[in-house]
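Next up: the same protein chain in two forms, each one alone, written as structure tokens (structure 1, then structure 2).
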Structure 1
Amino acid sequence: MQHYTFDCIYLQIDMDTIEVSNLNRQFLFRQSHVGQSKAKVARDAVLRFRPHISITPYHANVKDSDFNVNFFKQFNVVLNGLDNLDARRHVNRLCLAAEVPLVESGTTGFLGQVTVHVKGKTECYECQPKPAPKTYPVCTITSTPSKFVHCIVWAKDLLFAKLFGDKNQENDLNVRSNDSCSSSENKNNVFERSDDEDWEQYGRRIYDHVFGYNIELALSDEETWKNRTKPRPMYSRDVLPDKMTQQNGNADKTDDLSPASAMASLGLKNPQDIWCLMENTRVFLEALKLFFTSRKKEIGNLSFDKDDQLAVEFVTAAANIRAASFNIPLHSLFEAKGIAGNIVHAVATTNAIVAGLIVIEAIKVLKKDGCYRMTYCLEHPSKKMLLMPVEPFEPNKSCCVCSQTPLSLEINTHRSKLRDFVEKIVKAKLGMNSPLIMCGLALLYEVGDDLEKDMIENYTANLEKVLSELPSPVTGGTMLTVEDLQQEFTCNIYIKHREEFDEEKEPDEMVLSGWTQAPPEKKDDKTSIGNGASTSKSLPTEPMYAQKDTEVKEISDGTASPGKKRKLPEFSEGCTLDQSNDADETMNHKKIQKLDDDDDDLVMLDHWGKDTCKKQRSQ
């Protein structure tokens, strides 16, 4: 068997540092590496058993301007293991612009996949629409939560942000009610600590306001609770008597060099234990105190981070207290962290399998044999197979990224501001980082370091104007051109004015369409699959996340894109693969979608072996 090596230049881009939770799902990091750069430690580990190769690590964000199209043009192939959709889109567009093949990958639990994307030959990463993250109406989060994930979203996006984030950001923690009374006598200052308050008094006041008064306010709307179980107001004095609070902070004190932790202060050691209401209350008060005493300089600039232990403790406790009020089962910190961080915990074996598949496909790309496979790791064997190889699909002619097909946007042009369009569509949906927006020849918005002061002021003023009142009005029938110069990506968006939207299904009051999927394969094109045999295109290139126990992975019907999903059909011994259109009949009776790894790595290979080196393109 011929032996192939990557022995000239190898680059790795990773902005993460090693966490303790990383140690159980990979083979390069050790306990002594915690806190160090993943990219640099990985380089050192690999060089110990392959000392002759050249590896250049970058402890940086792949979206930094240094990693532009010219940078990508140096390489023979890019290997992707990023942990979020935005970064994956960014790399996909840079690879398309640089005409460099991309090997994508992802794992979640026992599931995983490796896909190959070659410009003009296979579909790009964005040829098929990616399911949008699950969103929830504000009224459900603030007024009528029915699932633990609703309580997590409330604790993370509302309460945590209000207490520790940007004070100027709009944030309504008052439970919606038809009652006209205010949330408190001093509603504007309820989250501000007065000079004569100690931390326990302040913590209890916040507790009583959000878990007591706000719940009573919600109960005043009797119509809401006719067919629902009424919540129970929680007051700190009823859960934690004054004498019990004195126990806070006395157990297992951490030294000054250790990160602040409410669990450590209170002697709570097992993150998989489910705390009782009293324990959650103590963690809530202790975490609040630690934030304002040990991390005072960060207050006002904090946002929730799943790797921030104190933040996870606070959000877990707050979510559990709210869950108890609304008769929702409590969860452990381990479970709450998974929901809050959209985490399905990784398995080292799956990661190792996917890593091997990445290398196999990279060798095929470098040999230019064209026999690529998109391979899916299954949780349960099917026809005695855990790995399912699939031939890549051709580029989708309706893709707005690689085929530059125009999109359409339904929006109320008399109500929505340009800022809404930029934040919710251009950045959130299209994944652009440095957008430029034009209406005909008029430039409506642009970002960049080289802009004049008056231009910046002009574009900032435009952000606060509704679309129909811009210098070049955007109304029904307008065609907008949106461009990201860093990604070398341009798309046209046709505007359709629409008056009303469904608050439950369309909370953003915008509907972007145009990502229609490729036509389904003909049924007579199917072929049977044997271990190692050729596969047909009847299997999907767009699997969906397996639904786990955490509701955060739910995919609602309201987020489905036009066209039917291609899926992994269920089949048994001796039968052939067939593409079914039944949306409920999926592999192992589960929904599967593109998997995002919990790790964040980008690897680029240049000069493969001794005889396959490609001349570097001039930058």
Structure 2
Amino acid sequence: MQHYTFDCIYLQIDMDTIEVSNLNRQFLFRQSHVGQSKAKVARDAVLRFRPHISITPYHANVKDSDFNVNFFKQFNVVLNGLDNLDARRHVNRLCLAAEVPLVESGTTGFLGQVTVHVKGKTECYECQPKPAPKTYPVCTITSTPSKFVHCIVWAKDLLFAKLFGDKNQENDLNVRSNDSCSSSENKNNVFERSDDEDWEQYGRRIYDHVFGYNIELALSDEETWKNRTKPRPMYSRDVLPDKMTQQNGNADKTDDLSPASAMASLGLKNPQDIWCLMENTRVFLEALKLFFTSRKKEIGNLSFDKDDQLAVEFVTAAANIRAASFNIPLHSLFEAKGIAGNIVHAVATTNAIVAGLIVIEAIKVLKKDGCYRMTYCLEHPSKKMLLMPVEPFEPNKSCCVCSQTPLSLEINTHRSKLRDFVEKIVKAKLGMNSPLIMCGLALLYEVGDDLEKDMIENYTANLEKVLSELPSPVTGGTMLTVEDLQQEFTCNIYIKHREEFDEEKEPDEMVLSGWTQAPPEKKDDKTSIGNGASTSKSLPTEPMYAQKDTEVKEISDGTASPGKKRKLPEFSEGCTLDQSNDADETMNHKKIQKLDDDDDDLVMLDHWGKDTCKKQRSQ
């Protein structure tokens, strides 16, 4: 985040240090900077070509309480280059409270966007509810996978979690782990290793249980397979008859100095190779053994991490064995890692384009130009354009952040605890960090450093109570007030009691509503842009250049999580930058010139220049 004024004082906040993987696109950093603070190195690099400006770097989390509304009030504009929704929402709220314009940005691979948010004039960053990360129905993951991603989700969220994560966490693999109707499954818990088993025997038993016995059990439900290809049960003795140690002399050696890797101990080198079923089986058994021998201390606390090589090896192998069983094509470790970690490889060009667009919008804010554009980088040209400027939307009147519209929450007030409400609604959905919850005048919950001991005990006890049994009972018809003092954000939530929820569609047993898409609005004769995230909304006017159904993915967390799709109604009109501040805005609107249709290269619009429009070619 940076601050820019014409007398050139910048502040930048970043909590990260420089990694090797940043160097391909974060041009201010060099190999020698790896490990150092991004904010500090960026400051030094900029000072080398602008020695007379003042820059204050903060190597800190932007959510720290020091960065409060008063801190934000110093600035003329805030530029966001964050990679997660949480921090973005936080900055949005502080900018609204401090009434400072926000230039927000994001990239994912070839996609990118820059949007401008000015309180009262344009929508805020949260006017459009952000999409939840893609989830899959439990039964698809546990019983009827049809894509490789289903096998990956099974391998990392169920099997990996079951073997190496918190044993007390509910896990759908529990369902069948206690079953004792198979000859090999007459123990209480098949996931427990018995004293007389070596690691390979244990690994093979897990293998046979999850890839063999569980599949046979699933096959017995004939109804499921009427219109589906039946999976094939897999047993390790059929795939790998010999003991690993006989085939692979060094399988028992673990080198404590180098991080454990099943690929390394099995001599598998290329992560882009697709392993055969036997190789996957060997990696599965070896990775399992390595976790229990060289990573013993972490067992019970592990969750899948894309940067943990052994975890990626285990998940790749397990997903591939399951894929083979369900007739789904196998994938390389490189591909599996990308899917499991939601990785979209960063493209330097996209980042550079987006950085340039951020500066252009920031200059407009500083000049009080008023002619802001949200610009989207498209993956495929639409009418030969890869950059699509759109006039900003008006604030969404039902946005609970900038319009403070009350929300309503359907919840079972006899079953859900205050803790569920705090975690799943207040923190996860509303993005509050330090919430305070009130029911009328009664304070039910509060977070803060200066709380008395008895208050903390009180609130902790409240967290474990169901809503209807709180000191001030929360039932159908109650209006709760939720507030975050740091963000200066208050939200009223109307409670509706509901008995039953759909397990698949509403697993949280809570439905928050009221924060809806704004209907399409017509803004004079100017570009009229529907605010709907729905891809099915019809558009009010014919596009000049963009196709009606052009879909734009808005990147909300800088990862590959699916972005919101919006239809672009049409190109917005261009405008000049060098207009006087108070000139009639509409006078300065110029139509973007039609671009040369014969030109197939990357086309960039310079729609602020006097020449109305230029185009540039990519190399």
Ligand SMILES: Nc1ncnc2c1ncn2[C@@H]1O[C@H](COP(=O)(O)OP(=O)(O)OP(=O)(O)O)[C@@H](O)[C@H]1O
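These numbers come from a predicted model, not from an experiment. Rigid core (definition): largest C-alpha set, two forms, superposition within 1.5 Å. Just so we're on the same page, residue numbers count up from 1 along structure 1's sequence.
Structure 1, rather than structure 2, originates from the form predicted alone. Once both forms are fitted on their rigid core, the CA atom of R282 lies 2 Å or more apart between structures 1 and 2.
When the rigid core is held fixed, the Cα atom of G477 travels less than 2 angstroms between structures 1 and 2.
After superposition on the rigid core, the Cα atom of G431 is displaced by less than 2 Å between structures 1 and 2. Aligning the rigid core leaves the CA of V210 displaced by 8.5 Å between structures 1 and 2. Superposing the two forms on their core, we find that the Cα atom of K269 is displaced by 6.0 Å between structures 1 and 2.
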